[in-house]
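One chain is shown next in structure tokens, namely the form predicted alone.
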Amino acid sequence: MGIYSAEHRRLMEIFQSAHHQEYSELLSSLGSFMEKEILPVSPRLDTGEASIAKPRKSLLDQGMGLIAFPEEYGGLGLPFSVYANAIELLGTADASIALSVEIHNAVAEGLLRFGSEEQRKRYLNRIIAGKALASFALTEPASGSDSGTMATTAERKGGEYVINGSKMFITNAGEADLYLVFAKTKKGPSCFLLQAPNPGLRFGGDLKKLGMRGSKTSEVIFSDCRVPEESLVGEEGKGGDYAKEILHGARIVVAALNVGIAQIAYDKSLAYAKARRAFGKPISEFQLIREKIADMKTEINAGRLLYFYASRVKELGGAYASEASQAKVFATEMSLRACDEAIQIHGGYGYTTEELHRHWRDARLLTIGEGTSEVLRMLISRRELARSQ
């Protein structure tokens, strides 16, 4: 699709001016692969005519998971902002695969930051190289953003932990080889790395969703699920803190993903506005259509700058929870607006053609997942008020 490749080339020019040539070449290579192998299959993932497994594995084989991880664990050791930009490109190609990969890599970051050296050596390279698919199991049927109320428990018995409970809305569930599971111990919320298959691990059916239909989402059920004590990640009782830290980074990536969704909706709208004629001229010549195009492009660039800024703060080692949340709130809500305007510009075709309205359906999830807009606004205000004291 020429629209995607043109925007891709422009992004590479911008990125090359801000980063070393090698980053630009890597992103250019990944973008070309996405355009050739991911973009064409995207509509069929949405309708269920194709499976996510093969294109996702092909993308991970291309090094998508290696970008921001240290060379000592098999990664490329590049800045986090390079990875975020790659996710933007992937969000343009297919949002479902982007979400699946984002969750997969969030688990890897959790292991890098909080796992033992033995856990990192054993599992990290497998995850980032795409040899094992990972899933992040935090949300429960009655516990979303309020993770402190989780009901899943992990009881220590001898040299094992026995996990009981369930998780809901879990991406990659049933497909993953490794699950980062959060459960309460006597010391509080704790984090465990669980390998599948496990006799005490089972899954609900694939949930029917408004959007992100290519990615698998289901309930994860633990029934006397036994894991060895070395499956504990970090310290008992610190799991709530670990989850928050992992999610701060993930929110930057989700912001980038939504910029990608908005970009493809914009690209399609721009091409349609030039081609569609009404009252004897292209609709792109009407002032109200031009206003929509101007607003869409301005907000897309604002979202892009916000996630770049949050990425840079993270790279420099600063506190970035507020910046990450700002980027996610703005980019996810901006993406919905952009997709809504894209439908309006396309008129009846926007409402009836799944190729277009699936972008709105995909974007809709991400004002909810990984921190609702409402909760993140509370986080932003709390952090900013604390900074002003």
Ligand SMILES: Cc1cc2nc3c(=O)[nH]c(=O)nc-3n(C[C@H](O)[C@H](O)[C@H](O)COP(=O)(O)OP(=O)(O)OC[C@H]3O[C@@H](n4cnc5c(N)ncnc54)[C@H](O)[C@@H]3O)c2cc1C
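All residue numbers refer to positions in the sequence shown, first residue = 1. Keep in mind that what you see is a predicted model, and the values were worked out from it rather than measured.
In what follows, reference is made to the form predicted together with the named molecule, a form of this protein that is not presented.
field: Proximity to the named molecule in the predicted bound form, single hit among Ile170, Ala183, Ala84, Val227 (heavy atom within 4.5 Å)
entry: By the 4.5 Å criterion, the partner-contacting residue is Ile170.
Exercise. Only one of Thr217, Gln263, Ser311, Ser96 has a non-hydrogen atom within 4.5 angstroms of the named molecule in the predicted bound form; which is it?
Worked result: Flagged contact: Thr217.
- Should the three residues Leu138, Lys209 and Thr372 be counted as contacting the named molecule in the predicted bound form, with contact defined as a heavy atom within 4.5 Å for each? Every residue of the spot touches the named molecule in the predicted bound form.
- Within 4.5 Å of the named molecule in the predicted bound form, counting heavy atoms only, one of 152-160, 170-178, 281-289, 184-192 shows up; tell me which. Within 4.5 Å of the partner lies stretch 170-178.
- Leu90 within 4.5 Å of the named molecule in the predicted bound form, heavy atoms: Close contact is absent here: in the predicted bound form, Leu90 is far from the named molecule, nothing within 4.5 Å, heavy atoms only.
* Heavy atom of Gly75 within 4.5 Å of the named molecule in the predicted bound form -> No, Gly75 sits far enough from the named molecule in the predicted bound form that none of its heavy atoms falls within 4.5 Å.
- in the predicted bound form, does Gly144 have a heavy atom within 4.5 Å of the named molecule? Answer yes; at least one heavy atom of Gly144 falls within 4.5 Å of the named molecule in the predicted bound form.
The named molecule contact at Ile103 in the predicted bound form, heavy atom, 4.5 Å: Contact with the named molecule, yes.
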